[in-house]
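What follows are structure tokens for two forms of the same protein chain, given separately as structure 1 and structure 2.
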Structure 1
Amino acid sequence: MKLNTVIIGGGLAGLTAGIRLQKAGKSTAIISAGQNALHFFSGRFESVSESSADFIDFFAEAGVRLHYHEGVSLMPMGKLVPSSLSLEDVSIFPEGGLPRKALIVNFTGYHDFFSSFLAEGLEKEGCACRIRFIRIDEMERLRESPSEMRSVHIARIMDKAWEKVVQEVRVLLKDEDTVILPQVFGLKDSHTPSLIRERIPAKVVFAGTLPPSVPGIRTQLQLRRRYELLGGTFLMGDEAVSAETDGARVSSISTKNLQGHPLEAEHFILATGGFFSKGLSSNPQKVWEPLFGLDVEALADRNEWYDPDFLKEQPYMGFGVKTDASLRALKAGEIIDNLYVAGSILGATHPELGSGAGLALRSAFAVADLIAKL
């Protein structure tokens, strides 16, 4: 069976493109190696500072609620940053609307949530903070192993035990207008965070934890569910190993699990991510794109890949696959007619598309809409 489009990469860009194409009536498959950048998603679509109905409606159909208005958001280490389009888990405070008194609640012995840093950050803005630690019996078994107190494990328990947290918070709450909790609620859907918000008589803010990101994993599950409901084929745990080309076109992709049965399609989307996701590879001499051997925009001299100051922008993070204006990939200077590129593998080659999750969304929308029109 020949598909309309094969998408390589099951992260935010790949899933978004897949859903959009399925909605347009195209047959698609996504090859997903497993973990992707959504597993450490901050919940903020960086570089999207607008209330884009396109994006909000698109995600709402998958059960992912987004919101945006001007203001600031609270980062996990207590810094306030200008708001972006965000998952509902990430609170946005309008100007002058920061909490005045906040109760920060953490679990005893959970070191991946930074209550004292959050408090200090808020206190600088004139918000009085009180930090309290709670113990929930159901969590005690996590402590049997010294490395189990991590966000996802807690979230699994919280799917059942969240009401106990609500009770503890109600007992602790005095005259605070805001309660801050770690983002460890709602691994499968956003029902639990909504219920917690309803049942606590104060504004509830969920602040991020060390990865993995519970809202990020949930978003990935919701998008994947939506994609499959629309008839898409999600090849979980598979990996593209080689590409077959026919002149200036890609004809099929061979995967690790489907040996001897290459996936044929009219169009292909490369959404394999940056270095961490192995969309780009590097050695001391060069940076390359490992699947197709596409042209990469990168600095030749290794010395220039980095800024010695960790906090400064790192040049290597801007490296990306070269494309034409329609985001079609280039190889040896020639356009590959039916290979489109989306997500962070683009690096900073298209600054107008933004960065991070914003780049993933915009580029995925762009390539999906181009393919749908063909």
Structure 2
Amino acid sequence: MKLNTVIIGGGLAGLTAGIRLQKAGKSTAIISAGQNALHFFSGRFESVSESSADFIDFFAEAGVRLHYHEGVSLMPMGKLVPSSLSLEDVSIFPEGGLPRKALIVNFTGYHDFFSSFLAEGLEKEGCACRIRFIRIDEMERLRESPSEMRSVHIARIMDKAWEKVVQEVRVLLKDEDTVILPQVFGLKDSHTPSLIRERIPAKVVFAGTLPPSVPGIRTQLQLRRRYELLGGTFLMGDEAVSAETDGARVSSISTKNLQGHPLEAEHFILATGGFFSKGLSSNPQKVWEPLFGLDVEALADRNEWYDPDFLKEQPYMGFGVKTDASLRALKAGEIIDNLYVAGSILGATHPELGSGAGLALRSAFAVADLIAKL
């Protein structure tokens, strides 16, 4: 199979680059091993502080609705963090606009939604909170096994039972100006959170749960659908296992499922993510990129890789593959002409691109636009 571009990694950066290139008329394939950072997505595009019509329009074409407001969002552990560009169902409180009274509603037996932490965080900001639990008959089967009582399983039920939740909440609601619910709505239909907000006579906030992230999975499905509608080839459940190089260029990629049929292309994008997604590997002595053996920027002393304070920013999260200014990969200090790098595998090597989801978007846009012009 000969393509214009092969993208290794089916997360936010890989899908964004793939859609961008398909729209530019370039033939592409995405190799996706499966779970990626979108399954842990908070719904916030960190480090995007500008109101970007390009990003909003890009996602709208895939049916993913974003909104831009400067303020703070409520995180799963009750912490309020600065936010701006987010999925539409992620609430952003403007400065001075925090709830006065909040009703926090959870489901009986659901332990991945931290009601007490949310209440503690809000009460520190002067918000009076009341926690209540509701029982939904359709969820009783899930309670038979703790492994079933997870966000995605609940979300599948909520696709049909969300109106019952609305009825229960309306009964519980007293004089609260805000209702906080688990972020387990709209797995298949992104309009569901908006419908819930319309039918509850208070501001509705969907707070995050333990992974997997329902809005993250929904976003991945919508982006994948958009990519495939544009003609892209999505190799789900496959893995790049080796690469063939010809001098300073990559010529093909071999995958686990396409043995004997390497993917040939003019360009390649490495978007395999960081340590969690196995885009980077490590042992007590070093950090390395496993597919190509690319140069990695990391601290030499392992004792400096982490901060003993778990809640502080960890240095190893900034480790990443080295590239030139055009995001072309470096190996032994030399540029690989047709191998570009995008997403969290870059770590903090390009601080101008931001971090988190903001890094994924900016780097994917930059790489795809460079290739489209070639």
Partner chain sequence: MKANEFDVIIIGGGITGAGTQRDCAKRGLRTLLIERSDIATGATGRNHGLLHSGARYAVNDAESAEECIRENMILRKIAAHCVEETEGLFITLPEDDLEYQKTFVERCKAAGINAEVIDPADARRLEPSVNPELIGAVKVPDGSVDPFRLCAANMLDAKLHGGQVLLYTEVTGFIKDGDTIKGVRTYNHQTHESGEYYAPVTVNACGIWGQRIAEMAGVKIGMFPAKGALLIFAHRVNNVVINRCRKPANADILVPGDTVCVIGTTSTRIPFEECDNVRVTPDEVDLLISEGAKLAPALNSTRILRAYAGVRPLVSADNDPSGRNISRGIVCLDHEERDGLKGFITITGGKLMTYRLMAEMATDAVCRKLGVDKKCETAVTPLPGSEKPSYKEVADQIWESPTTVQKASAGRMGTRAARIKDNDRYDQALICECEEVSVGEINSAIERMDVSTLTDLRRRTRVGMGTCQGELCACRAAGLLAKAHGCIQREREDLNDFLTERWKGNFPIGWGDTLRESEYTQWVYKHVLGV
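Fair warning: this is a prediction, and the values are worked out from it, not measured in the lab. Structure 1 provides the reference sequence; residues are numbered from 1 along it. For the two forms, the rigid core is made up of the largest set of C-alpha atoms that agree within 1.5 Å on superposition.
J.: Could you let me know which number goes with the form predicted together with the partner chain?
T.: Answer is structure 1, the other one does not fit.
J.: Once you line up the core, how about residue 325: does its CA shift reach 2 Å between the two structures?
T.: It does not, since the residue 325 C-alpha is displaced less than 2 Å between the two structures after the core fit.
J.: Aligned on the rigid core, do the two forms place the Cα of residue 57 2 Å or more apart, comparing between the two structures?
T.: No, its C-alpha moves less than 2 Å.
J.: Having superposed the rigid core, state how many Å the Cα of residue 312 shifts between the two structures.
T.: Residue shift at the C-alpha: 2.6 Å.
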